[in-house]
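The chain below stands alone, shown as structure tokens; this is the form predicted alone.
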Amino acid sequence: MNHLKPNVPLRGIIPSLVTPLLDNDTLDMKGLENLIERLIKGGVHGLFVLGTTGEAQSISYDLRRRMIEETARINQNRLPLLVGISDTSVRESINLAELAAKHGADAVVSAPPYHYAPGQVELAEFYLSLADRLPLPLFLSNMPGYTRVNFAPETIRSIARNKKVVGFKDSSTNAAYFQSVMTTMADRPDFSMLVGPEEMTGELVLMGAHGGVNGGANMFPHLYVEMYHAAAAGNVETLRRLQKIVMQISTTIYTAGKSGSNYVKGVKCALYLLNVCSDYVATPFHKCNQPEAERVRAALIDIVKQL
């Protein structure tokens, strides 16, 4: 069953799931089940696996395939399932997309090839060619901090001429840029506009975005779902109250350590302390050490009191 309806944008909170691991080669199966059931109970509107929060860039293709298969099995078509296929190899992206389709996923998500940064013409040509070869609808993912390329609004418009390209997820942290894309795509109300950074999601949903791909929802799905609904309804008073908690998460749990992996290891540490899944982080990164974990624990206690 495909949950994506023709000419209707995907809306709501679609968390980018962590990939629960016992070690570099082994999924934490009980943890994955706990996580997905927690998210569904929390009211999220979809699931997104193998994104940045899911450490897709750090895990093997075997583990990526297993994550797709097991997530689909546990989900049992209850929610829309999006699968990340970002890669420097077009063939590997297509392989993952074909597996995702086989297991009932609803769409795939792709950030531009990294290492060699393509120009805008090359970017448009790449995605128009890729979309034609995919068995599922495609969401474009803008992650200039990791890929060193930013989709120009007109490039998105050009790529979206292909009707298999159904949405855009932006993690640029640039609100003015996001609004320029919304303006460029204003005549395509069917085209999903999703926000990556949770710190900006409420504000941009107020401005017309359709939802958020928020990693913090792994920990507190109810919070992010309530934030989305408040913003979608224009309930600014409730949104302000919830935004303070979202920012508290961002400035505590995501900053417990002093490395580029702070965000992922902070989320995984919190999930471990909440008895959801293992806190193992894929090599070459480390899980929170004891002082960092204590900072996360203290932050969790304070945040839970407010929920």
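Just so you know, these numbers come straight off a predicted model, no measurement behind them. For every residue, the number given is its place in the sequence shown, counted from 1.
Beyond the structure shown, there is the form predicted together with another copy of the chain, which is absent from this document and is the topic of what follows.
A.B. asks: Only one of 26-34, 268-276, 66-74, 247-255 has heavy atoms within 4.5 Å of another copy of the chain in the predicted complex; I'd like to know which.
C.D. replies: Stretch with heavy atoms near the partner: 247-255.
A.B. asks: Might residue 190 be said to contact another copy of the chain in the predicted complex, defining contact as any heavy atom within 4.5 Å?
C.D. replies: Because no heavy atom of residue 190 falls inside 4.5 Å of another copy of the chain in the predicted complex, the answer is no.
A.B. asks: Considering non-hydrogen atoms and a 4.5 Å limit, does another copy of the chain approach residue 232 in the predicted complex?
C.D. replies: So residue 232 counts as contacting another copy of the chain.
A.B. asks: Residue-level contact is defined here as any heavy atom of the residue lying within 4.5 Å of another copy of the chain in the predicted complex; does residue 204 satisfy this criterion?
C.D. replies: Heavy-atom contact with another copy of the chain at 4.5 Å: present for residue 204.
A.B. asks: Taking 4.5 angstroms as the cut-off for heavy atoms, does residue 148 touch another copy of the chain in the predicted complex?
C.D. replies: Answer yes; at least one heavy atom of residue 148 falls within 4.5 Å of another copy of the chain in the predicted complex.
A.B. asks: Of the residues 137, 118, 80, 221, which one places a heavy atom within 4.5 Å of another copy of the chain in the predicted complex?
C.D. replies: So the residue touching another copy of the chain in the predicted complex, by this definition, is 118.
A.B. asks: What residues of 66-100, in sequence order, lie within 4.5 Å of another copy of the chain in the predicted complex by heavy atom?
C.D. replies: Heavy-atom contacts to another copy of the chain in the predicted complex: 88, 89, 90, 91, 92.
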